[in-house]
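Shown below, as structure tokens, is a lone chain in the form predicted alone; questions about how it binds or moves come after it.
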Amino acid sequence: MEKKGGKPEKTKFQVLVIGAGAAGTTAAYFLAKAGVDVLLLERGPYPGSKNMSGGAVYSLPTRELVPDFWLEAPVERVLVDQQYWLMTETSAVKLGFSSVDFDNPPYNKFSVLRAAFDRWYASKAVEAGAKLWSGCKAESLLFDGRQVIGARVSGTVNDDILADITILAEGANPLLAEQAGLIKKAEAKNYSLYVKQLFHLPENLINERFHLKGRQGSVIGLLGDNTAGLIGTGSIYTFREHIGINTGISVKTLAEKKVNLSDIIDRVNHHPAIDPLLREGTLVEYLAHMIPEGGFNAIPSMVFNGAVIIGDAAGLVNGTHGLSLAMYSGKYAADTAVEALEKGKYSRKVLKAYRDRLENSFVLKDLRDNRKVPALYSENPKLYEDYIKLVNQVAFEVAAVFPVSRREKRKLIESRAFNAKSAGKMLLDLYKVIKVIR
């Protein structure tokens, strides 16, 4: 690698990929495998250095891209237990499913620490023939008329890097595309700010507290009090010797309510259902990260003359798919670039095949099917909070033992439930939810 601020030996590539996250690395990996001269730029000191601590990699989609990846990838735990906690300030209704069948190949999903996983994944792209320049920031896009022809780079290398096709995998903040006028500045309502903490704990304590064996892992989705009733979600992930906790709230909500997210994180840590899991743990990371959660209706233009946008930068995010949407968008961008290079044509019309591939895959089908969900949250901000409180109240009444008959107890529970919400209001809210998710 060239010295800081130096001139590279080569400044022209067939494809330039900006961003070595899951999407960008996938694009570079498949381009290199196809024999394309591709440069992968990473502004951090190494791929993964600027990502949040960890998350999930889903096995079945990922193995279609990188067969049996778990045999060499730095996966942490095999996630065999999925739970959802509906939380109030003092209680939690816990729903979940566990199966040891998930602990057998091809598995279901793994927890990974992104710093390790992304670094490994980028090494696979390099092994396939991609060039990787770390410590390089793309300052601006270069144009020939209306055609994107590369980027001006600073950092480890200072120069104009030219390419027939440029793939933008900048992450949640697509500043290059915005500055170049390719897309409009993102709206706050379409983003959430997540804060993630990573606590170190011995492996045996994690297994004991989450009722796990060996390298088995658990993931818990958090709803309700983890965001103080505001629009947002959270989760708990188990890694081999760490527990990760994250909470995210709509950026628009944070601004309107003037909420300090660090106060909410502290509230989460001291929740009576979570505090016992963290005892004796040492906080080793505290990170903040923006995630696009506007869904299908917030997806920007993705195809331009000489360039495409992939991954988080294109709003291709769905929490139930982990890294899969980003990785598949990288694969489809690579396939499209290979075809365009064979034709020697890089216009928007030719590169539109990238969008077509997304449309015909589960990526955009899934986002389109759930396109009304973000609006449901924003238009009914108290929906989850109200019903989570109601569910916890009913669960408390069911668990409590009163000196009355069971019939009288059922009537008592029904009366308290309907005092909180009328039957008509419940049916209307249920109709709204079914209409959105059907």
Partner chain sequence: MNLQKQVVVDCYHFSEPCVEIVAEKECDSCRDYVCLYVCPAGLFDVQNGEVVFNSSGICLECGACRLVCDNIRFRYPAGGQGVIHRFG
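Positions refer to the first chain, counted from 1. Because the structure is a prediction, the values reported are computed rather than measured.
There is also a form predicted in complex with the partner chain; it is not shown, and the following applies to it.
Participant: So, residue 122 and the partner chain: in the predicted complex, are they within 4.5 Å at any heavy atom pair?
Facilitator: No - in the predicted complex, heavy atoms of residue 122 and the partner chain never come within 4.5 Å of each other.
Participant: Even though the partner isn't displayed, in the predicted complex is residue 51 close enough to the partner chain, meaning a heavy atom within 4.5 Å?
Facilitator: Yes, residue 51 is a contact residue.
Participant: Tell me, yes or no, whether residue 133 is in contact with the partner chain in the predicted complex, where a contact means a heavy atom of each within 4.5 Å.
Facilitator: Judged by the heavy-atom cut-off of 4.5 Å, residue 133 is well away from the partner chain in the predicted complex.
Participant: Looking in the predicted complex, any heavy atom of residue 286 within 4.5 Å of the partner chain?
Facilitator: So residue 286 counts as contacting the partner chain.
Participant: Work out which of 338, 188, 73, 353 lies within 4.5 Å of the partner chain in the predicted complex, going by heavy atoms.
Facilitator: By the 4.5 Å criterion, the partner-contacting residue is 188.
Participant: Scan 98, 154, 347, 297 and let me know which has any heavy atom within 4.5 Å of the partner chain in the predicted complex.
Facilitator: It is 154 that has a heavy atom within 4.5 Å of the partner.
Participant: Can you tell me which of 79-87, 306-314, 260-268, 319-327 lies within 4.5 Å of the partner chain in the predicted complex, counting heavy atoms only?
Facilitator: Of the options given, it is 260-268.
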